[in-house]
Ligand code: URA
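Form predicted alone, single chain, as structure tokens, below.
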Amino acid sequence: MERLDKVLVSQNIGSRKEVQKLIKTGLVDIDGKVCKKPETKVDPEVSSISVQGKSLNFQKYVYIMMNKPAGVLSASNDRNAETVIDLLPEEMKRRGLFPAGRLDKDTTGLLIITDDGDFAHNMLSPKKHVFKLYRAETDGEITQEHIDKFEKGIVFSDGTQCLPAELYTLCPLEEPYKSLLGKEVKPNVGFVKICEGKFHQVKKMFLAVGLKVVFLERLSIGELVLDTNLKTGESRYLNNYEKNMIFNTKKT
């Protein structure tokens, strides 16, 4: 059970002051009865709540897919730079949202934004074997030697050991990305599959084998693939099926 005003704030109805005013002026109903006390305890997953005659579609947590553009920080807030939270439409914004697994400022592609900490932890933990697939353009040709080194596990110059990773020269995804990206082998394009998230990991892995990444895009997390209908900077909610696809550990 939670305070009514707290529930409404969590659903982006307004600030604490704004929702308290709505309640006190009789604009909020619980199970068909007007409630004028902000401190009223309610179970939003059981009770029917309406605000100004509109039924409240309560969501304890939200899960958002974004096609992240370059030049935007994967952070909840920043005083000096635009963040992925700033890009969300106003109707999607609510307290507690954060990017689950940061992408570098200049890295693009699939980003999950949520307010569910347990979900994010499970998605990012190497122990859960949730693989992320990246498309990397490099400043040189990717060879079988590079593929073999990735498979053995890259070691950074500081001694940091990476888990074995898969490096492909053809896109391993199914349609539509297979058609869009995998029709021909481009000598400087590789697809990297990892289940870790070390700082600048993909870029550092390529540097360790003598290649510099000039463009990086995340295409998938688990079996969830970036929606090709999302334009750069756009977002949409995930449905339950898509959310579960993240934790599908099927091998390619």
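The structure presented is a predicted model; accordingly, all values stated were derived computationally and were not measured. Residue numbers run from 1 along the displayed sequence.
Omitted from view is the form predicted together with the ligand, to which the following refers.
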property	result
Contact assignment for the ligand in the model of the complex, among V202, M66, I49, I221, heavy atom within 4.5 Å	V202
The ligand: the contacting residue among L226, L216, V192, V28 in the model of the complex [heavy atom, 4.5 Å]	L216
Partner proximity in the model of the complex: L103 to the ligand, non-hydrogen atom cutoff 4.5 Å	yes
is_contact(T107, the ligand) in the model of the complex, heavy atom dist at most 4.5 Å	yes
Y134 within 4.5 Å of the ligand in the model of the complex, heavy atoms	yes
Options 194-202, 41-49, 58-66, 28-36; stretch whose heavy atom lies within 4.5 Å of the ligand in the model of the complex	194-202
